[in-house]
Structures are given as structure tokens and as C-alpha cells.
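Here we start with a single chain on its own, the form predicted alone, put down as C-alpha cells.
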Amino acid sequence: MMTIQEPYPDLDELLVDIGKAGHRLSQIDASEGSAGNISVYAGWHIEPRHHFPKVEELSLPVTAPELAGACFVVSGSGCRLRDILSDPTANLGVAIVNPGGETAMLYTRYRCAFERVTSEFNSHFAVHRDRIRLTGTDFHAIVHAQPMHITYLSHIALYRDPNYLNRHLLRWQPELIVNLPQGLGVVPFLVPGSDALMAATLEQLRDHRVVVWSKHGVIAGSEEATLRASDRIEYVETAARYEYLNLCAGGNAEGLSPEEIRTIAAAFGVEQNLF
């Protein structure tokens, strides 16, 4: 697994990375209106006040004293992911965890485009915390988006079965098993922003880098870059579009066989247990 290396990106670079990811998700119709959200953990010192001069206290969704001083860049509730690239300081905020881990100082721009951070921040924060604890990473990005085809398939009961979903989606392109060797995790429909969704997402993202939120979209993580998380969503949506096209055409295409996929995995040194 690749991880981010020193010299670490500065805040401007992080904002561009987040903005490019949001822009690409908009291009593939994965973030209609204000759908979708992004957050990034940076485990090094970042000074936010030049970009985000307004300061207020933010209650954290879970208490995390071990993250005192940690920095999170997070999208605002109601903000459009497509707008981040052109105006990042209006659509993002920076949260730095206070001693004790119960609250953070939230830095925003005066007259920014939101009143509070994304309603999914509880899931984001819990997953960031878990990933930091398990891997010690200095960087972790989480992206939630609502791509049309994978979201549509999650409305069909068969595709909410992880084995069925993975064996049918990862057969459409050789790149899929290389980029998604663990396949997709699946969470049943749970109320957006709920503690139940937070707990289920945390569990699934331990074993998968992309998880389907049934009837709601997907959530993806990366220790490399925000763009890498959005890439993973794009791979999933491409696979789902192939599957949708095949359904519309009567299911006549066979896709790659399990033997062919195993051959691809062996050639690229990919460890997988899906095929």
C-alpha cells in the first residue's frame, strides 16, 4: 500500500487535490446538486488562519483524545463538490482537534457557503480515527459520492449481496481487479448521518477501500490522495455502467471469466480472493 511521504503537501496543495476530486466526481454525474462530501486528515502541522480566519468551536461526533492537534479539512453542508476547485475556501473548513478530543476549533472563511460541516462528518471522523489507529498513517482522505449506475444497482436486492456484486462488477475491465483487489463492501440502507451508518461504514472500510451505501451511493478512502479515492469511485461507477448496459441488452455479454481474472491478478502481483 502506498502512503503519502515527506515533504508533506501544504494547505494550498491539499485544497487543489480536494478540488480536483470534487470536480471529477461532478464530471461523471456522481454529485448532483450538493450531494457528496469530502474530508481529509493531515497528520502534520498546518496553519489555517491565512486562508480561514474565522474561528469557532465544533463538537466532535466521538471523543478522540489521542487526536489532539490533528487537522481535518472538511466540506461544508450544502456545498457543491464541483465548486471546491474554483473557490475552496468558501466550501471547505479546517478543524483542529482540541486537547481532550471532545471538540475542535473550526476555521472557515467569513461569509463562507455553509453554516456547518457535512452531516456525514460523524462517519468520516470515525473512519479517519480507526484508520489512523490501525495503520499510523499521516494522511487519509474520504470521499462520499452518489454515482448513478452503482446507486441504481444497489436498489436491486441481488446487488446488495457482496459476493454477487463483486463477481458481476469486476468482470468488465482488466483494470478493476488491479485497482479494487478487495472488491466492494456493502452496507444496507441506513439513515444518512446516523450512528448506525457510522458504525457499519467503519467496519466495512477496514477491509475494503470502497463501500456501497445501499440506495445512497458509495464511500471511498485513500492514504495517497483525495484524487485516488475519487479514482476508486470512478472505477466502481464504470464497472456498474457496464453491468447496467449488459442488463439492458439482455445479459448476453460474458465479461472476463474467473480464470482470466486470476491470470490478470497473477501477472500484476495482485492478491485477491474474489475469483
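Start at 1 with the first residue shown and count on from there. All values derive from a computational prediction rather than experimental measurement.
Another form, the form predicted in complex with a small molecule, is not on view; read the next lines as being about it.
- Of the candidate stretches 168-176, 138-146, 125-133, 105-113, only 138-146 has residues whose heavy atoms lie within 4.5 Å of the small molecule in the predicted complex.
- Residue contact check for Gly78: one or more of its heavy atoms lie within 4.5 Å of the small molecule in the predicted complex.
- Taking non-hydrogen atoms only, Asn37 approaches the small molecule to within 4.5 angstroms in the predicted complex.
- Residue contact with the small molecule in the predicted complex: Thr118 places a heavy atom within 4.5 Å of it.
- In the predicted complex, the small molecule sits beyond 4.5 Å of every heavy atom of His51.
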